[in-house]
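Read on for two forms of one protein chain; each stands alone as structure tokens, with the labels structure 1 and structure 2.
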Structure 1
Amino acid sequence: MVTLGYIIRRFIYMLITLFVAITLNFLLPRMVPGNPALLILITKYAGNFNPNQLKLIESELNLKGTLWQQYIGYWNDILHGNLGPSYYFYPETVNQIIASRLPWTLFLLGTAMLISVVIGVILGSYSGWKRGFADNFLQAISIGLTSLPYFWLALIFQLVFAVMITINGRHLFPVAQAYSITVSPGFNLPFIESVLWHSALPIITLVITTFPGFALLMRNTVVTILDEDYLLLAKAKGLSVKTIRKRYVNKNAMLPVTTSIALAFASIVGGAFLVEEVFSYPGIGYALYTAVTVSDYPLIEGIFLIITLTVILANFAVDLIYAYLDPRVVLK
């Protein structure tokens, strides 16, 4: 059960967290040495510019004045829903870049998360019920896979399956990008097939390094529940193994998994960004990598703002879902 007082109090905590995150979001990029306005002029004009052009660009990019004045201007833009122009992709705005890149990241993350949870829950439940070699093997494999770095596995898959292995002169998977340049974007079969083909390796990379965590958590929770008194009572009542497993074990074991989804979301987002960079996948992770390398403050801040909002809302949603799944939990 969730009370109105809890929702109000949690909402206040969310605002405080968001305020601190936005402040750090503003300060951290500005600690990186270099002048973005100067970088833009050097990139566009190869050094052939005058000081007046530099002052004009600094004014347009809100780089003039003290740090405090820039901070006030930054808050004013955020409250008006304006994340400002991108330094590197100028005159394209941060809003436009995020709007075009975010759907690709959501597709990649959402698909990988769904597959990881399903595989992890099924394997973890089976491992918890079937003690012995299968259980030990799953634990060993899961621990090994969770220790693999996202980017390293992505590079290995890219090298092996997108470069080295060929069938009839054709590579198994594409090296990079989200779809082939030979297809027209839109709701048509060639485009959908191309998107799925290009996203296969990034999704497989994320799933392999993510599902073991859910599997281990599900397995450990099932093992703990099997020793509970209410399970012994259910067996004494003569309930079938299928009923006990479905109603008493799996349902209760899913509660910690539900909580861990939000806790693992931030690390999975980071992994997705690394995978996007390796495969040049046009999501916000690849845009963030580009923004960091060229000191594009507004784009860095805009992407981190989206990440912060997503993680905060995900944790809040999981709290509510947990209270709904477990009637014993009272949030007040």
Structure 2
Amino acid sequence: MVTLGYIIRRFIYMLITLFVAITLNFLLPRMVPGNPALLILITKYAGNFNPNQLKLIESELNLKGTLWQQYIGYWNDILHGNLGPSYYFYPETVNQIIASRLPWTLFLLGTAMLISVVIGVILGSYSGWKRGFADNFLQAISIGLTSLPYFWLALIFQLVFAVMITINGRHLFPVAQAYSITVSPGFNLPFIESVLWHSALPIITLVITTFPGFALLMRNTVVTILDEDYLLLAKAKGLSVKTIRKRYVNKNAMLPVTTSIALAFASIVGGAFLVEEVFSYPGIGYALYTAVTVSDYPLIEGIFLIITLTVILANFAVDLIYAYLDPRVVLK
């Protein structure tokens, strides 16, 4: 049973985490020496500017007044959903950049996560149930695969499948980008085909390094459940193996997998960012990489805030789903 109290408490944790992230966002840039407003003008206009422009940008960046006034101004902007101007892409705002990039990242993350969970659950359930060779094999490859750094695997795939191997003079997969420049974005077949084609290598990279975690967890849970009393009872009742496996084992083993999705989500984000960098995939990871290389601080902060918000919301959702799924959990 989920009580209202539990939901409220989780919600408060969520707010505290957000508060910490936002305050960090505010304090960090103010700890580095130098005037960010000057930096914009120097990088953008090569120093050809007048004092009024400087004042304008300073107020846009909340750099006026005491630290406390700046902090209030910062919160005001955040609560109005305004993440400020980007130094590098100025006058494009951080909001605009994130809005155009976030869908690509969510597409990569969502698809990779879904495929990883499905593969992990099937393999884990099989090897936990059968044990023996399949089990040893799963454990061995899991150790190997989880030790692979995402970005190195991405580079290897890029080198092998997008550069080295050619069939009839054509490469198997595209080297970079999210879709070919020859198609027009929209709901049409060539575009969708191109998007899928371009996302194949990034998604495969993420899946290969993510599914073993789910598989091992599923396997361990299945092994534990096989020792439970209610399974003995089910056998004694004479239920078929298929029913036992489906209704008694797999269904219960899915619970820990559900909770682990939230934690896995927080860690796969880092992987997705690095993979985006390798494939110049136009998601927020690649935008963050660009922002880092050109010291575009507002963009770095904006992306950090949005991705933190996304992960926190995902966590909150999984918490609620878990409590709903498992009637044994009493949350107060």
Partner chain sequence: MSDREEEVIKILRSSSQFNRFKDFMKKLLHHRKALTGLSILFLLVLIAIIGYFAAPYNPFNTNAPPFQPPTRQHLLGTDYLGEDVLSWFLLGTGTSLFVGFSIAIISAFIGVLVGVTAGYFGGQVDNVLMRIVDVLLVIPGFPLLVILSAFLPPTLETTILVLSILSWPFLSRVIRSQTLSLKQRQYVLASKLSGLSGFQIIFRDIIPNLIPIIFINVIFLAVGGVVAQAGLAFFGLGDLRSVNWGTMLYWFEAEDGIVYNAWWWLIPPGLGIVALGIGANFLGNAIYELTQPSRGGQ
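Take the two forms, superpose them, and find the largest set of C-alpha atoms that agree within 1.5 Å; that set is the rigid core. None of the values given here were measured: they were computed from a predicted structure. By convention here, residues take numbers in order along the sequence of structure 1, the first being 1.
- Looking at both structures, it is structure 1 that matches the form predicted on its own.
- Superposition of the core reveals a Cα shift of 2 Å or more for residue 26 between structure 1 and structure 2.
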